[in-house]
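The form predicted alone is given below as one chain in structure tokens.
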């Protein structure tokens, strides 16, 4: 049953069909009787909910509305928990994060027109990061589709480029099977978002067709094993390498392959870098770990990739923020590329040894196929020297404001290794990824490919709900946000208060869109056009207005007590940290530049 009273959007017009089926008969209440095939259904909406329950969905995030109302009514007696969000974009981000933390597809819902279009940013975000998620959208009755009806949008057309696949439901008898298929497709093979558009007549019409077992379409769940001959060839290349490096991407985490990745690297003594989405796939406190590579990755990770002669890349699409200039990325390396999606092989970086299959399964194959470890002792020593030469550091002069990196480290020291970190997008995201030591998968939750400001707060809501659903109520959830990012989705704090969610939001408030300001200083002669955010409200007082704990911190000696108070508070807490507005994220590889030529100071940009 819903945990909150589901209310229509304020802009919804009253629809006389809401209390009746499309043929004019009275709506039928859902009952509890079941048969051998599953719960009995009487409407298309009940079939939708039955399909979700059968597929294992436990939680949905959404906003009520007229066209989706029949499905919400069917949820009233369902075992699925519904969390009403303040905005549909928040519902999509919360569902995304819920899926990342739980390892199961997230589920979000919205009505037609503006409800559906408000989901678009969150769906696109999940698509870019290959996150499993199902979106259900209401639609005007079928007979009105194409007539510019009230709150009609071509949702299927709008979302086709940003979904793994989307569906338009055509009848009450089949809608349950369609929803079940879409749920399973979202996690089959390479994960990604799917969407089912639900015309109101389809969900209101009568049916006694119970949906069958949820299965993905034929051919969408690929062979998990790589070609054995190709594995043998890759194994020989790894054995012959003198400077091997593993590059673990987000696919390692999504494929639950972290254990296999750790076994492979440790068995053969191969240094490890990760991508940003791959943070947590390999413990950053392990001697072999060089942390993450790319535009703001560590200098030692970028040096290792620049000088490796054998790059073993797993579950990465080699995006531009990782590679910099393609011509200068791993220029001396033979590339072994493991990926579940054949479309990613040699798309951006040429693969000398392509291995198509499930990350964990192929790593197991490769671990068994490599007969002896590469002779890489001197290489490991060189990587260790780079760690000493290019450490992540920052200064704390007494005459300068509080440094944001200090705040991140204070939270890291005060929390356990299984703490879940969510972020918005910008400088605060980089500091949260650089100055926190991640040791476990599914603890770093952020927006990577799309780079969505405002992701952090609704993601924290989804992450908290997921941790609680997994029986882990004592896990900390910490959201690092910027003042610009927080302003975009802070309304979801009201959800955290209503649901009594135990999470902490640390706003690294530098009164700028910080990354834009940094680029303006480096590449636009310091012209701060539209990046100055000195007009921000007092976030601690806003938090109190929402009903959360609100704190403000300006000085170093206030950090530890505020962190302790927020973490001990049983409910949502917001700390407004006023940090140095001129602090930059370093190191930095200029866009399109060579990873091995990173800047470690502002005057090098």
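All values reported here derive from a predicted model rather than from experimental measurement. Residue numbers count along the first chain shown, from 1.
There is another form of this protein, the form predicted in complex with a small molecule, and it is not shown here; the text below is about that form.
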Self-check item: in the model of the complex, residue 422 touching the small molecule (heavy atom, 4.5 Å)
Solution: no
Quiz item: Within a 4.5 Å heavy atom cut-off, is residue 376 in contact with the small molecule in the model of the complex?
Solution: no
Quiz item: Does residue 514 reach the small molecule in the model of the complex if we count a contact as any heavy atom within 4.5 Å?
Solution: yes
Quiz item: Can residue 485 be called a contact residue for the small molecule in the model of the complex at 4.5 Å between heavy atoms?
Solution: yes
Quiz prompt | Listed range touching the small molecule, judged in the model of the complex by heavy atoms within 4.5 Å, from 160-168, 218-226, 451-459, 387-395 | solution = 451-459
Quiz prompt | Candidate from 130, 151, 258, 427 lying within 4.5 Å of the small molecule in the model of the complex - any heavy atom | solution = 427
Quiz item: Which pick from 510, 443, 84, 112 sits with a heavy atom within 4.5 Å of the small molecule in the model of the complex?
Solution: 510
